[in-house]
Ligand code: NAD
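Just one chain is shown here, as structure tokens, and it is the form predicted alone.
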Amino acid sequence: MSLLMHTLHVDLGERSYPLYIGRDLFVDSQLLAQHVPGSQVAIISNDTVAPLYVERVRNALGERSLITEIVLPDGEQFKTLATLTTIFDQMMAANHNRSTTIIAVGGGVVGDMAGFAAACFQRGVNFIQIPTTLLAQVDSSVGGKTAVNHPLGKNMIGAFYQPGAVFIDLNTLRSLPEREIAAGLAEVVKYGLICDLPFYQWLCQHMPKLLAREEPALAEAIERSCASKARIVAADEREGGLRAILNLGHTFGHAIETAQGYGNWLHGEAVATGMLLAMELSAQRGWVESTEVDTFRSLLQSMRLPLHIPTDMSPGDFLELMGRDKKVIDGRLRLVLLRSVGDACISDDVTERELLSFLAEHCSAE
């Protein structure tokens, strides 16, 4: 029997959709059936997650004329156009049509690729997210960003395509390694830093409970994170302005992920280091206090997240990779910084000289 704890909504008019938070949600055939109108389903997962959850999803779907299970290799390094093509190959071979529903069962990589496939297959089919990692539950499954990586940059090829529903099942967090939990909590902390000071303060107080996976604390953290993202996405679906604050730490973090090879640093780990850099740059500009930077550094340390740039990255490496970021517009790099803790801003006036000088203080490599 499922336990539905919270239901949130992303308000996008006719394309609005619910976020369900609870336990055993995706095995609830009645709840799932509301969002699978046709008789064809393609379940997309990876070889780590599929043995855990795909059969349960399939059983919850009941009798359908066609259910195709597409199992991808696990890892950020497989988030490519080549892997995307294998999804299309299997759907075409099974004769899926535009009435099909694609269901993503997995973390952010699976969700991104399944969502991009749903946006492209026959110019768009129904799509459901069942995120099984904490990071995907609070970030990539909500908001409709879908993409694959390119060797020269992360998430450079993709589309905005909203799901029809998101099922956030707390039970899936039990099987995650500690490293994955910490990486997901980095994205949770981001919401407090960018727009919710009371939430940030709550997280500082409750981090031991979150790391111990105490369900009431996790449920509250997920709900508050998703509520923040839902509000921001509803106000700016396609990142024309406000939504960009969700990228706090991401420009630095994506550079680290690209330089180190996709998958060697978890996304949340790279974002954690990137957020610390963004906060230190904000402090350098006199916007946040050095004591606030120290508090944040101590919080990341308690989460066992990386605090330092990889030793083999130079300021020049960073600048080159950051220059390819999606947030570069008309040659100007836009960075998300903090006016204060809980109040993010988008800055496009950080000069190359200022950035090189800043990075030189933080890079071990010359």
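For every residue, the number given is its place in the sequence shown, counted from 1. Every value quoted in this text rests on a predicted model; they were computed, and no experiment measured them.
Omitted here: the form predicted in complex with nicotinamide-adenine-dinucleotide. The next part is about that form.
- Heavy atoms within 4.5 Å of nicotinamide-adenine-dinucleotide in the predicted bound form are found in one stretch of 45 to 53, 312 to 320, 24 to 32, 59 to 67, which is 45 to 53.
- The partner is absent here, but in the predicted bound form a heavy atom of Thr133, alone among Ser282, Thr273, Thr133, Ser225, sits within 4.5 Å of nicotinamide-adenine-dinucleotide.
- None of Cys195, Met91, Leu176, Ala259 but one reaches within 4.5 angstroms of nicotinamide-adenine-dinucleotide in the predicted bound form through a heavy atom, and that residue is Leu176.
- Heavy atoms of Gly107 reach within 4.5 Å of nicotinamide-adenine-dinucleotide in the predicted bound form, making it an interface residue.
- Thr172 belongs to the set of residues with a heavy atom inside 4.5 Å of nicotinamide-adenine-dinucleotide in the predicted bound form.
- Looking at Thr251, you'd find every heavy atom of it more than 4.5 angstroms from nicotinamide-adenine-dinucleotide in the predicted bound form.
- When contacts are judged by a 4.5 Å heavy atom cut-off, Glu292 does not count as touching nicotinamide-adenine-dinucleotide in the predicted bound form.
- Taking nicotinamide-adenine-dinucleotide as positioned in the predicted bound form, the residues of 136 to 165 that bring a heavy atom within 4.5 Å of it are, in sequence order, Ala136, Asp139, Ser140, Lys145, Lys154, Asn155.
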